[in-house]
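In structure tokens, one chain follows: the form predicted alone.
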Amino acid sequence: MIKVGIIGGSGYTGGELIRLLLNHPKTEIDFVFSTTRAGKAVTAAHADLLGQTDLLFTGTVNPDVDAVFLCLGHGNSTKFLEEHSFSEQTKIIDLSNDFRLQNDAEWNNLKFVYGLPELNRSKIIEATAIANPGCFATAIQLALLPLSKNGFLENDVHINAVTGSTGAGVGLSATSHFSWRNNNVSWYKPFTHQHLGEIGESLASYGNVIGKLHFLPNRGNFTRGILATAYTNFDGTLEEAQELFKDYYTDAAFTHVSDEPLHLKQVVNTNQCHIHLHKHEELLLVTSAIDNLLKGASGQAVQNLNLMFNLKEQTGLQLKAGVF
């Protein structure tokens, strides 16, 4: 069994990670670290786990676990690793944005590999430290990587994506509480979202010219999931685009191209990304859908764990959506 530790287990991503690892056939949770809930039952924060675990949050870590997940707020993973050390054999998977960009990927003798399996699968298998991608970044990259690889992103790309309220975390704010969010939709951080940096670096990794990315993120009045649409000029036919995408994702465990238009429910509560293509005149419209807490966070982190420990990618992640 792979002994794992979780740092920051009281939030949404931490809760989903606990749920996945409790039901993973090859993992054993050694500890769940929390500075604010040490000594309290994990089920006090995650009522959905009642009857599934007797784990308590702890304020100490076991430095000899096989793997540790960092589910901390952005900027806090670096601080935590400065204050706590792990063995040289411990594999680290960070779910914040501290190590995602190339300029931040090397830290204290650690080299963080960007953890998007559809892009870096072979590197992830050999890695000791992973920077798990952001949720918007995952949905958008999976929508555009096949075009990038084949040199079809030289024109500007217009992207619109809407995310559920869990993307804002458990902390309350003026735009996350129920009374404001319910029956409401709004945009935020237009054209300046922090995920644009990692998206740009991944799309440029094939060495082809990339046009400007115009990204408008939206807050939805639902709890989980991301539906992203991106369109750009494309000279080929729809059939050529479909062949290009299906070829790129031939060996992908969780990313699939649909011939039918997408809806969000078909991926929520799964580690799947579904993609659909539509051609209108000279424009190619690519739609992608993911669960922001799973393929956009904790599920992808477990997918990376599976690769790092030479397990089948789907291990512990064969989840079914509730479409009705």
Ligand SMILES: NC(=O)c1ccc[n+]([C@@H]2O[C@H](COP(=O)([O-])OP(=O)(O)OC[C@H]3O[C@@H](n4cnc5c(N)ncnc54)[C@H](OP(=O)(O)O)[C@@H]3O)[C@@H](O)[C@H]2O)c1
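Counting begins at 1, following the sequence as shown. Keep in mind that what you see is a predicted model, and the values were worked out from it rather than measured.
Just so it is clear, the following notes concern the form predicted in complex with the named molecule, a form of the same protein that is not shown.
If you check in the model of the complex, is Gly169 within 4.5 Å of the named molecule, heavy atoms only? Output for Gly169 is yes: heavy atoms within 4.5 Å of the named molecule.
Should Asn306 be counted as a contact of the named molecule in the model of the complex, where contact means heavy atoms within 4.5 Å? Although the named molecule is absent here, Asn306 would stay clear of it in the model of the complex, with no heavy atoms inside 4.5 Å.
Considering non-hydrogen atoms and a 4.5 Å limit, does the named molecule approach Ser205 in the model of the complex? Close contact is absent here: in the model of the complex, Ser205 is far from the named molecule, nothing within 4.5 Å, heavy atoms only.
Does any heavy atom of Val157 come within 4.5 Å of a heavy atom of the named molecule in the model of the complex? So Val157 does not count as contacting the named molecule.
Which one of Leu72, Ala127, Ile210, Ile93 is close to the named molecule in the model of the complex, taking close to mean a heavy atom within 4.5 Å? Looking at the other structure, the residue within range turns out to be Leu72.
Sort through Asn292, Gln272, Thr27, Ser288 and report the residue having a heavy atom within 4.5 Å of the named molecule in the model of the complex. Among Asn292, Gln272, Thr27, Ser288, a heavy atom within 4.5 Å of the named molecule in the model of the complex occurs only for Asn292.
Pick from 59-67, 254-262, 31-39, 277-285: which stretch has a heavy atom within 4.5 Å of the named molecule in the model of the complex? Heavy-atom contact with the partner occurs in 31-39.
Only counting heavy atoms and a 4.5 Å limit, does any residue of 1-34 reach the named molecule in the model of the complex, and if so which ones? Residues within 4.5 Å: Gly8, Gly9, Ser10, Gly11, Tyr12, Thr13, Gly14, Phe33, Ser34.
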